[in-house]
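A lone chain, given as structure tokens: the form predicted alone.
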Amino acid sequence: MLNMSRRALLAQGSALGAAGASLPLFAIGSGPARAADFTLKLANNSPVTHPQSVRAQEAAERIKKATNGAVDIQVFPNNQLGTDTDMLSQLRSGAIDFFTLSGLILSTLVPAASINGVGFAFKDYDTVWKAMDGALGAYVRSEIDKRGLTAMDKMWDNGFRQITSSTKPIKTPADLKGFKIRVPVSPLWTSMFTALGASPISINFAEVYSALQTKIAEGQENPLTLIQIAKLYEVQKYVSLTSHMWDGFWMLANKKSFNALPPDVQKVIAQELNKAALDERADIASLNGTVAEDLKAKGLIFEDVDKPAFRDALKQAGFYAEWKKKYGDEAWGILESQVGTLS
């Protein structure tokens, strides 16, 4: 929530404007340290040690320094302010100013936001970033803007998602028949795993560990780095390298609150949050090189899978045709222009 001496600042800005001045409301990066004029909240669902949380905190510190202490962004990681659903509601109301959220979960509000998660669409990271830093990302940001939120230009990486299980290895679509798998609260996930014959259960991430521990769900799916950091290896036995979805986080701002900030402040915040996103991408790339061996050492059994078989199963089940219709020809056309024909 914005907490600041806005009236005084706006009055100062008006006076400057009346005098024909073109100066910013305050001189960024100059003069002695000052008490914050803008106190903002940034929340996420990632553990404190996850690169997303670490880089967000670094960005907050750089923003505070660049604005000479006038902007204080308080970072609340690890679901401290509630579940994903709770925090999205708080973001929309203005109780939270910034929130990093998977586009797949954001799709409950912005349907197009889940398009990056279409099953087996992206073959590698080069394809991902070409699309999400390019035409597909621009399209999704425009849809987010229509819902009263502002998305920063650069997405944060969550990674390619893999299936884990406590009961049996998953190697083919047939192995998913009746399999109780935890999925995030998102129609795309439920649709995809239903098409593959599984029994998906929608559970917020904050409750995933306990759901697996109590066998409410047999398995789940997440990037390897999150499986490691959230210690899901303690309650799972197998990892199937499906890479069935690429998932990333949008850095979202409450549009009204963000637009109420002086333009120079908006510029600094966007610049530093986008830099943090790029730094976090590099962190995830580095972790991806070592995390598999660490998880093997912790007892997880890795399984290779027949990826084309899964994609064929989705096509035969009508999954791609269904979602092409839901997203519409424009969005689907942009997706296929980046990844090739799906339907």
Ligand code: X2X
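Keep in mind it's a predicted model, so treat the numbers as computed, not measured. Just count from 1 along the sequence shown to find any residue number.
One more form of this protein exists, namely the form predicted together with this ligand; it is left out here, but the text below deals with it.
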Please check if F205 has a heavy atom lying within 4.5 Å of any heavy atom of this ligand in the model of the complex.
yes
Using a 4.5 angstroms cut-off on non-hydrogen atoms, would W156 count as touching this ligand in the model of the complex?
no
Consider P184 of the chain shown here, and say whether it contacts this ligand in the model of the complex, taking contact as heavy atoms within 4.5 Å.
yes
Applying a 4.5 Å heavy atom distance criterion, does F160 contact this ligand in the model of the complex?
no
Using heavy atoms only and a 4.5 Å cut-off, decide whether all three of D84, W189 and L226 touch this ligand in the model of the complex.
yes
Which of 191 to 199, 241 to 249, 67 to 75, 164 to 172 lies within 4.5 Å of this ligand in the model of the complex, heavy atoms considered? The stretch 241 to 249
Just to be sure I understand the contacts: of S257, N222, Q90, T150, which is the one whose heavy atoms reach within 4.5 angstroms of this ligand in the model of the complex?
N222
Can you pick out, from I115, I269, I105, L176, the residue that has a heavy atom within 4.5 Å of this ligand in the model of the complex?
I105
